[in-house]
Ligand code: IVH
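Just the one chain here, laid out as structure tokens, in the form predicted on its own.
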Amino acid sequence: MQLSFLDAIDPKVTAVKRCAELRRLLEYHNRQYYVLDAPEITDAEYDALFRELQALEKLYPELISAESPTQRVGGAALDRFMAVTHRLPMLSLENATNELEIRDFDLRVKKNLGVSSEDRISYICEPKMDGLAVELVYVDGVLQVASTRGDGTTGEDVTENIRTVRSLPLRLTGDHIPHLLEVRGEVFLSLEAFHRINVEKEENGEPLFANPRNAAAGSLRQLDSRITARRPLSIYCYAPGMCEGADFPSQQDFFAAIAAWGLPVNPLVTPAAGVEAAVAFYADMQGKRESLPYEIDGTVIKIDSFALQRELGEKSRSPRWAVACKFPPRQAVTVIEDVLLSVGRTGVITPVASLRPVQISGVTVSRATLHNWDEIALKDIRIGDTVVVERAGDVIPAVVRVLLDKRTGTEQSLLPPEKCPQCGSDVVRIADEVALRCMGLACPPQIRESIIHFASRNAMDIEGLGEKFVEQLHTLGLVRSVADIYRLTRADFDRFDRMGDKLASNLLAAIENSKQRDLWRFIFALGIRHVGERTAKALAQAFGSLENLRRATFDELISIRDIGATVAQSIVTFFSNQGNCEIIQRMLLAGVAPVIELKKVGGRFTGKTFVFTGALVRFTRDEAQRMVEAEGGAAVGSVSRKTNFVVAGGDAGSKLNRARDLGVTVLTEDEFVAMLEQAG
């Protein structure tokens, strides 16, 4: 970047130019990575550019713009979606279900155009994405509004959520960008992303998404765009709406233009010279369906010429110039021979059907998830049942329904387990969750993750004991619970790959130092369900010792501020598990001695409640909260009428608005620092 004399005397001028350059680079590399699958830089290099832009926008907030890549993280939650009326209706498509019906569509087109049945119509063929239709409105190249299809006439404003889609440009690039461009597209989730989201939901005891389409729709229709930002949605654009400032003679021309402007187009889009080429595309996509990284449920065939499309026109709900060619369902009938119990890394116990092997879409299926016991009860699934099984791409097959007329009376009902099949600990179902869980600290599938959490920075802070070493400890059989960490010796570390004397000594020293951590850290490190850092601090403050907490009753627990029935029951269940108590006792005997960090008696913030929101500059939010607690105050996560102060950093959102609505005192970061100095 060439600097002028003006840049040298005015740093803001340099910042303006650098921000523009960084945004251009980030959008370019977003497109290379998410659209073209041809990354040119490493993730670390991309992150460095992103952090540089964040820093400049933080230094000069007035430079932040809606189309900046930093604004893809999501913002404050909405109360509801606003209605958006489409300038042109978003119509549905008529369906064809086989090759014969595709040919019938071609004959109708020719009849309506008044041409011979022997003539060849030029078509465009696309995979029919199984997602959610949206409309994007760009004004002078900048994304202004995004809305769902809705009823075809009116949809919902999902602009903030669409901004989180990495493959979608917030500002178009290239030449001859029209003043107004409306583009229709399909938002979808890859199969990998869908599977990952469902694994997380299952581990959290939440209901699963039924399929990638439901997951995409549920993600896009979140009132809190920060949730949408955590789900890697993608989009392919497929049709124009209104356009002012550009003309597209054909669908092919439209695709070429929007791709040049940076909008993602499915690379499998194919022109077809005549109906037989369209039929061949349909057959080809059906054969490739299982190997694609996303779900498709058919193909779409459109007349290529926009002039011919206008000549044919539309019926009340669908155009005459396009048809959706649906694939047959991927289902099969088989028998449940047994039900196995799988224990996940967070203790969730999942019932899995062992099936009489059956072919579905060329793949032999012998296992299918039953999800949970609510699902089993709802579908009345029994061992020995004849069932319909469905396979969706690369995700785990699922039992769709039972064929009740096939029952013989010998089928066996399925009862939820009372003991963990892996470790024999009690199985519990926490209120408001659909999952059954093993609460045992020594449960083999949970050991690796529990040790990683136990040693993490905000828990026992055992420096150096990360995933790589925990994996080796587990593989070598040196740790079967978190208590075994405190039995490790220098000889144990000699069995590690590439473990030098200095590194081994540092790890042993870090383990020894961790024995004197604050009580709240130890409580948090235990990994009790629903007990995060703030709850752990409240428990440590309320009970003063680990022994008092172990003896706490449900009623005593729910009397503590911010601890409800679900959290209280989880704590009681954890400490009523004999195996958990034995592991804790082993740690205490090994010298672990959690200490209570007392609040300052008569501190200046005693009885005062603070909420921190927005980006702080002088210290992290955790550091600020510790400063408040050291002066006898409390730092909480939400604003209420009982809140005394809200400290607002940069980009403060809904919490700041609520504080103003309730008349809560709002402090800048500098004013908060001044209060701290007075307290000292």
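As the structure is a prediction and not an experimental result, all values here were calculated from the model. Numbers follow the displayed sequence, beginning with 1.
Another form exists, predicted in complex with 2-(butylsulfanyl)adenosine; not displayed. Remarks below refer to it.
Picking from 414-422, 336-344, 294-302, 98-106 the stretch near 2-(butylsulfanyl)adenosine in the model of the complex, with a 4.5 Å limit on heavy atoms, gives 294-302. In terms of contact with 2-(butylsulfanyl)adenosine in the model of the complex, the residue from Ala525, Ile447, Ile235, Met129 that brings a heavy atom within 4.5 Å is Met129. A residue is said to contact a partner when one of its heavy atoms sits within 4.5 Å of a partner heavy atom; Asn548 fails this definition for 2-(butylsulfanyl)adenosine in the model of the complex, lying far away.
At the 4.5 Å threshold, heavy atoms of Pro178 stay clear of 2-(butylsulfanyl)adenosine in the model of the complex, well away from it.
Proximity of Gly241 to 2-(butylsulfanyl)adenosine in the model of the complex falls outside the 4.5 Å heavy atom cutoff.
A residue is said to contact a partner when one of its heavy atoms sits within 4.5 Å of a partner heavy atom; Pro319 meets this definition for 2-(butylsulfanyl)adenosine in the model of the complex. Along 133-150, residues Ala133, Arg149 each place a heavy atom within 4.5 Å of 2-(butylsulfanyl)adenosine in the model of the complex.
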